[in-house]
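The chain below stands alone, shown as structure tokens; this is the form predicted alone.
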Amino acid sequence: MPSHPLRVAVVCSSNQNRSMEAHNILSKRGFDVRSFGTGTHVKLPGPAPDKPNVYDFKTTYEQMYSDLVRKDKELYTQNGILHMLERNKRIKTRPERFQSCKDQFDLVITCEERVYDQVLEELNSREQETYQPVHVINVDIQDNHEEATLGAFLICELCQCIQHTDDMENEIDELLQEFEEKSSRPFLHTVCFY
């Protein structure tokens, strides 16, 4: 078991739905957790699939909330976006980009394969200084409210199991295989170094 609480990063594309739901649940369970997006901008559903609301990562959740209330409060209440932003505001001020964070984590969990690839590209492009391992695991989670909730509980269960292993480096592959079988979801796993 690690001598310190497991440092976990949860990463999706816009740091809005999947990563924030997992951040919420993991922080309630006492994990040292942060959440991020890897996109160039934050995208939220708009009035039509081809008309998303696009924000800069510097935009606060409060500013997004106010903007959407101004645009169409009924639409964004019905589709759950305002509720999601209310939750996000309680957790932190604004979305964060993974590429802008230089903190070290024991575990980085991504919510889709494209994000996993972006996280690996970022970690592998950095100069290694401490040679501390970081396990990058992908769990595919569809970007909707229901899947985000189910995915967050799965991520939390996975983190709890990893936290309680005696030897994370040697036990993680077997643990992931058990989770794949139990959840019927494929997991990707790579070890990078800081």
Partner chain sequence: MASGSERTGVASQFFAGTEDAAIDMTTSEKVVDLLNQAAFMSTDDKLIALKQVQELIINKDPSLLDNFLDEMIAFQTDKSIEVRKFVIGFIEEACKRDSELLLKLIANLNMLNQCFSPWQKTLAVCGVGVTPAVFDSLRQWLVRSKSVSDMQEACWDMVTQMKGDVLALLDSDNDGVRTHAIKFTEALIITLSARTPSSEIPKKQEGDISLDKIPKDHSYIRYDVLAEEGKSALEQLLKFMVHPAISSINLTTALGSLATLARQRPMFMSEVVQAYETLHANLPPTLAKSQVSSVRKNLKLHLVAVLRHPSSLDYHSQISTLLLDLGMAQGDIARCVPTSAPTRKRPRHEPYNEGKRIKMEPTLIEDDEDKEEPAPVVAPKPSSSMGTQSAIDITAEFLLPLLSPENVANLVLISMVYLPDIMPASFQATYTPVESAGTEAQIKHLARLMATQMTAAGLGPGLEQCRGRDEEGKEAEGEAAGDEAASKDPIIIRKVSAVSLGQAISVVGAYKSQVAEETPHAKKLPEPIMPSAQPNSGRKKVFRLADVVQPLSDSHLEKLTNMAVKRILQSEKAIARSGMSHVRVKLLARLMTQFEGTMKDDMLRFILEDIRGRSDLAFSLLYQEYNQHLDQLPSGSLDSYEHCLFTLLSGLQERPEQRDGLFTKLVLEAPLITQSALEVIRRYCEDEVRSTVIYITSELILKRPSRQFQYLHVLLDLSSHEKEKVRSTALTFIKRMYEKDHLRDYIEKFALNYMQLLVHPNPPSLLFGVGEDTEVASPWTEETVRQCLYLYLSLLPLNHRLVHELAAVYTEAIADIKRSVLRVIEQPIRGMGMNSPDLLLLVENCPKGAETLVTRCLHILTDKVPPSPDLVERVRDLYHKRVPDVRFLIPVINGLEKKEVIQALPKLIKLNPIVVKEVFNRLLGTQHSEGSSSMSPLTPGELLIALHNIDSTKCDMKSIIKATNLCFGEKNVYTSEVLAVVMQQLMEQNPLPMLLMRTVIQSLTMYPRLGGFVMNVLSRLILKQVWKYPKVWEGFVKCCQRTKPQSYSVLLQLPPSQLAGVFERCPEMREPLLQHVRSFTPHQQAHIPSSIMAILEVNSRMQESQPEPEHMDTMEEREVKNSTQLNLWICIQCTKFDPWQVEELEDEARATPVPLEKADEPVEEAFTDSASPREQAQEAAEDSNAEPEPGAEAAE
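Note that the structure is a prediction, hence the values are computed from the model and not measured. Positions refer to the first chain, counted from 1.
FYI, the form predicted in complex with its partner chain isn't displayed, but the following is about it.
S.K.: In the predicted complex, which of 156-164, 139-147, 46-54, 126-134 comes within 4.5 Å of its partner chain (heavy atoms)?
M.R.: Heavy atoms within 4.5 Å of its partner chain in the predicted complex occur in 126-134.
S.K.: Counting only non-hydrogen atoms and a 4.5 Å threshold, tell me whether Asp173, Phe187 and Phe193 all contact its partner chain in the predicted complex.
M.R.: Yes, all three are in contact.
S.K.: What is the one choice in Phe98, Tyr76, Tyr116, Phe105 with a heavy atom within 4.5 Å of its partner chain in the predicted complex?
M.R.: Exactly one residue meets the criterion: Tyr116.
S.K.: Applying a 4.5 Å heavy atom distance criterion, does Leu82 contact its partner chain in the predicted complex?
M.R.: So Leu82 does not count as contacting its partner chain.
S.K.: Any chance Gln177 has a heavy atom within 4.5 Å of its partner chain in the predicted complex?
M.R.: Although its partner chain is absent here, Gln177 would touch it in the predicted complex, with heavy atoms inside 4.5 Å.
S.K.: Under a 4.5 Å heavy atom criterion, is Asp72 part of the interface with its partner chain in the predicted complex?
M.R.: Because no heavy atom of Asp72 falls inside 4.5 Å of its partner chain in the predicted complex, the answer is no.
S.K.: Quick one: is Glu121 in contact with its partner chain in the predicted complex, heavy atoms, 4.5 Å cut-off?
M.R.: Flag for Glu121 set to yes.
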